[in-house]
Structures are given as C-alpha cells and as structure tokens.
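In the form predicted on its own, a lone chain appears below as structure tokens.
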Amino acid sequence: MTAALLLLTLAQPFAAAGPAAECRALAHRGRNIEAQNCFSALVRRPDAWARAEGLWGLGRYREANDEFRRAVAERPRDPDCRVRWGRLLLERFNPGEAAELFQEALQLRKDHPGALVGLALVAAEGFEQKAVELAERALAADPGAIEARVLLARMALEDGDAARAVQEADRALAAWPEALEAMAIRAAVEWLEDREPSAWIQRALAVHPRYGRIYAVGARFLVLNRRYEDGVRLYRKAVELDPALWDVRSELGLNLMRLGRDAEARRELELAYENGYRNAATVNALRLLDSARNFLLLDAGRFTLKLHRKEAAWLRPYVEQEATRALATFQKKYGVTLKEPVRIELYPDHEDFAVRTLGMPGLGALGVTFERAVAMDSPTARKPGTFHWAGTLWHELNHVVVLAAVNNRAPRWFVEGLAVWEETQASPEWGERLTPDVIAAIRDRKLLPVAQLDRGFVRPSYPGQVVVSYFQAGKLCEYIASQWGFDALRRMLRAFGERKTTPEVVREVLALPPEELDRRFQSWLDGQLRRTLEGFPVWRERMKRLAEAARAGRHDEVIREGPAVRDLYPEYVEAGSAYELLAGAYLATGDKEAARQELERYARAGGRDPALLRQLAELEATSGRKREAVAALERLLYVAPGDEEVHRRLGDLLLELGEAEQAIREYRAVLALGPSDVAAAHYHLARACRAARRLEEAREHVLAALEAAPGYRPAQKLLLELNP
C-alpha cells in the first residue's frame, strides 16, 4: 500500500463491505485478535469471495488473489466482487490491473460508486486532476460514499485548500462519526498550521486505541509541504503507537534517507521488507543504500559533497566553486545564516537519483531539496547539452536558504518562482526558457491565478502544465522585483513565514487584490513577449522553409531570411534553431566572422549545444579573441564537463593568458578523466605548475610523464629546465 492509500483503507462504513464486513469493523476499532479470528473463520467458508476476504485480512495476499479469481468466475455479473479484488491489487502495488477490474465493474453497473472510487484512488496516486472528477461522480451516484468524501478532503489538502479539506472531512464525519481517515485529515490541517490536534487524536484513539495512522497521515502532508523533519517526527509516533505498520516504516525509512540519515533509513526499510512489505520503493531504496560504497563523502566546510568515485576527482572543484558562490550569495541576500552544513549529492545514474528522491525510477525532475540536503543529477547523468547542472544546483541551494528563512513555511509557487528567478540573476543565460508549450499556454490564457498557482505544480490539468507553472512563477517573481523591488520579495517571504496565505500576502505587501496582480502581471508579460506571441505561427512556418533551404544547401536564402526568422522567436535555441542554420550558412560561404557573431548570439540566448559552443570557442580563438574563447569553453563546463578535450583546450588558453592556477584545475581534470595520452596530460599539468611557481609539483608531473613515455621529448626538455 502506498503512502496516499494509507488514508483510505477502511473509510467506507461496513454495511457495504461484502462478506468481510464484520471482520473489517472489528479491525477498524483495533480489536485485532477478534478480527483475526473472524478472518480465519471466513477462510473456512465454501464461498470463494469469503475465502478471498479472509485470506486478505490475514495478510495471505497471493492466496487471496487466487480466491478472488475463482470468486469472479463464480459471480460473473457481480461488480462488487470485482471492486473488492481491484482494491486488493491496488493495496498490493498493482494499480494497472486494479483499474481494469474497476472498469469491468462499471461495464456491469454504470456509475458503480465503489468502482468510481477505485479509479479515483488510482488517479490520485498520480496527482491527476481526473481523480477529483471521479470522486465527485461517485458521490453523485451515492451521496453516502464516505470514502469518496474523504478522498476529496485529501486532495483539497494536497492542493493547499485547507478550508475545503475541513469542509469535506466534516461532511464525512457527519455521515459517519467513526470515519478515522476524516479525523486524520482534520488533524493534518492543524499540524500544518502549527497546532497540536489533541482533540482529534483523542477522538480517533477512542475508536481505535492503536490508530497510529493518524500520525502517518499528518506526516505525509508535512512531507508534501517540504517539512521533512516534522514528518519524520510524526512517522516515528505512528510506529511507536503501532509497531506493525510496515508500510509506515517504509515511508519513515524513505524520508530518513532523503535527509541523509542512511543508517537509520536502512533499519526501518529492512524491518518493512522482512515483514512482507516489499513494494518497489522499499526494494529500490535498499538497493540504492547498498550502492553507498560507490560514493565518496567529501567535507567542504559549509557543505558535504556526495560524489560517485568514478567522477569525484574531476567534478569536485566545479561543484565546490558553484556551491560556495551560491550559498554565499543567498545567505547574504536573504539574511540567513545556515546553522548546519548542507549535504549535496550528485548521481551519475538518473534512476539512482529518482530512487533517492521517491523510491521509484521515472522522476522527471533534475534536482530536489530536502531541508538541508540536496540531491540532483550529476552532469554525466544526461546527454551533454541537455542539462545545465550549475543552474540546477543554484536553484536547489536557493530552496535550502529560502526555506530555512521561513522554517519551511511558504507556498510552492513562491519557493519555486524565487529559485527560477535567481537562476537568471546568476546569469541571464540560465533559468527556464520560453518553450513552445509555454507560448501556447500564455496565448491560450491558461496561466493560473496567483491564488491557485500551487495547483499547477501539484495536480496539473493539461500536459506540460508543471513546466508552464515553473515559468509563470519565475516570471511573476521577476515582475514583482521589477515593479516593487527585491525588498518586496523579501517581505513576502517573511509574511509567508508567518503562515499568511497568498491573497493575504499580496494585499499586505503589494497593496493589491490578487485579481489585480493577475491582471497587471498578464499585461506586463504580454508586453514582454508580444513579438514572440504574435509571431509564433509565422515563425513556425518560416522556420520550416528555412530548414528546407539549409538542407538543400541554399545558403544565400538562409542568410537572407534567417535573421528575421530568428528575431521572431529569439528564445528558441533548441536543435535546428535559426542561429544554428545561419552559422552553418555563414561558414559554408566562408564568412567566419558572421558565423562567430551568430554563435555568440546563440550562446547569450542560452544555447547549450556542445558542438556549437565548441565551434564558437574555436572561431573566437582563431580570430585572436582568447578571453571570449575561454568564456565559450567555460559555458561548456556547465553542460558538458565530462569532455576531456574541453578541459585540455581551456587549460591551454588559460596558460597562454597567464592564468596558471586556473589552468592547473583544467589539466587536473584531464588527468582525472583518464586520458588516452597520459604522458601529454602530465606534461601539460607540469607546465602549468611551473608557471604557477609550484616547482615541486611540476617535477612530480614531468617525471610521471616520462614514466608513462620515457622518450617523450617535450617532457625531457622541461625536466632539464626544472633541474638546471
């Protein structure tokens, strides 16, 4: 059973619960011995459905599954039996087959409430908007469907709508005063508001004296709101009250792992696994913990780095440099002094990062922050040019500082918006780019009101809405800073830290109703992007023709038409951009200077294709613009730092410019990357050390060069110069 399904296991009154109604009622009230006797009696019944329910209650899940198969064969026209089988599969980590059974039940009885609730639960696991629609359909079919009501309460709280969550939970309790999950929702609301829900805990324990799930539900919502330490505290209380909550122990273990407490995490995850709770997240997390020997923990003072052994030697200096810059910038800017070192983990395998984050592969994010711990993809986890690792690191470290400033109490849109905006403050070439999906959303007026913007991150209603929400939040922070100054963003942050809502903060700090902020922001954004928004359809058609001309070798046509096409949508720097086609045409006609200028525009617009940036560096160098060539190669360090040739060429240029210390770093990276010509790598590093007056190091490396290639003449000559 997943964390979200903890909430709804027994929410429905038992009159409609099938042959196990009495047993489930006993379990609901914590009368476990009587419940187990009841389930055991069901196993001895001749009816396959009854046997299935009994085996399920006893935790004999495979046998229960087999009996449900027999039960459905015995009752081919009974939708209730299919729904119960689907619920078993959903609880035991098989949502796909569960959904098929719920659909079959709906074919047998249109608008079957239980089947609709089952499908709503499947959709809710993925934070899909249709979960709300399905739950509402279930209530329309059966106004007494308590489980649907509790699910609506849960989803409202996930969306940050505490008032709606309370309303739905109270309606569930009015219909069934023993709705434990509704009590858990009410308790979670109070924990989120920094109040101790003693009355709700007492009420729940009066029904079920060992109802540890009330703490687990609260913990889940605290975690969803980035309050991981508080969540861990409640997960601990849950298993103290009921030590046999193996699914909750798994969640506790996953969250301990997120905070970097691997030893504690392993204990909890192994307990869950050994007691039969072997969902994918538990198994994956244990495997990842087993891989810890492949990583190094490196103390860097204000932060600790966790890097894979195969790349730590060459990657460490670059990550340390950016982390140091980012933390110093943000602590000064936001007036925060972090009391504990930050833990920064980089994973060269994206799926390891995903498991580190969710316990499951398939995560689309690049980085995640867990209070004082940051986990993210290593630069080598993705195809070179597709991932700006420094921008992601700055983004996540901004979360660390901003959330510390408000004790993890701020809405998601504001936290993400600040981080996106701060990426562009670090460099205009970083940050979220204006993609065709974002253009379509702005043009079609799909941006959410600021008061509802969190919903775009949590429960998207159309494909790509999460990306659109990141862009919108970042631009909204940019707009506020441009109109009211950065101090307004700081004051908003303080107000959010006082647990004020978005409408309250907008009115207090900006002296505007939220609706007026929405109107002004939309007008400002339209003005900023008018040319691109209006010209996008024309750009798309003309871009097709430009690409055709380039493929056909009609270079004069590309040169004639390209600048106008480029300027219709200057933010477009993906493969086959107008910048790329123009540079290619200029080179084909022998105009290297025009090609250089075009590639400079491409780089300033945020272009990241390694081949184009290398081409720019070469054109800069051959035209005598060595500083500009260095800048081009340094851009490559942010998108393709695992390229030995980039480091070697950068080291050469830096040495020519008299920047020996920086050249040493680049030549060391070449060595750490395992070059094919080891002798040359040591020789170049020796040259840089000599230029930096590190003569002993220079001798060590020139000797290493000669050990690798005794006849290497440049190294022999350098050794003589070092030993006159």
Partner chain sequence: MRAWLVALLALPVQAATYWVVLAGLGGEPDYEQRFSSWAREAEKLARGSTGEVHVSTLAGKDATAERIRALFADLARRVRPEDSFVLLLIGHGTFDGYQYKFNIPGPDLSGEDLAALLDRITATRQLVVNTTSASGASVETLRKPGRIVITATKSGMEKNATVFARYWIEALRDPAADTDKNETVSALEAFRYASQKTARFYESQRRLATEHPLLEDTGQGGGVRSPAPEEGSGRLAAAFPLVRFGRAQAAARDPARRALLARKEELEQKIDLLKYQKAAMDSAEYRKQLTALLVELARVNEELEK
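Numbering follows the first chain given and starts at 1. Just so it is clear, the structure is predicted and the values come from calculations on it, not from any experiment.
One more form of this protein exists, namely the form predicted together with the partner chain; it is left out here, but the text below deals with it.
Taking V43, A680, L657, A691 one by one, only a single residue has any non-hydrogen atom within 4.5 Å of the partner chain in the predicted complex, and it is A680. Out of the listed residues L673, L26, A64, A50, L673 is the one that sits within 4.5 Å of the partner chain in the predicted complex by at least one heavy atom. With the partner chain omitted here, the record of contacts in the predicted complex names 694-702 of 694-702, 32-40, 50-58, 657-665, defined by a heavy atom within 4.5 Å. Though the partner is left out of this view, A381 does reach within 4.5 Å of the partner chain in the predicted complex, counting heavy atoms only. Although the partner is absent from this view, D349 contacts the partner chain in the predicted complex, with a non-hydrogen atom inside 4.5 angstroms. In the predicted complex, no heavy atom of E229 sits within 4.5 Å of the partner chain. Looking at A21, you'd find every heavy atom of it more than 4.5 angstroms from the partner chain in the predicted complex. Contact check for E168, L173 and Y211: none of the three has a heavy atom within 4.5 Å of the partner chain in the predicted complex.
Scanning 696-717 for heavy atoms within 4.5 Å of the partner chain in the predicted complex gives E696, R699, E700, L703, L706, E707, A708, A709, P710, G711, Y712, R713, Q716, K717 in sequence order.
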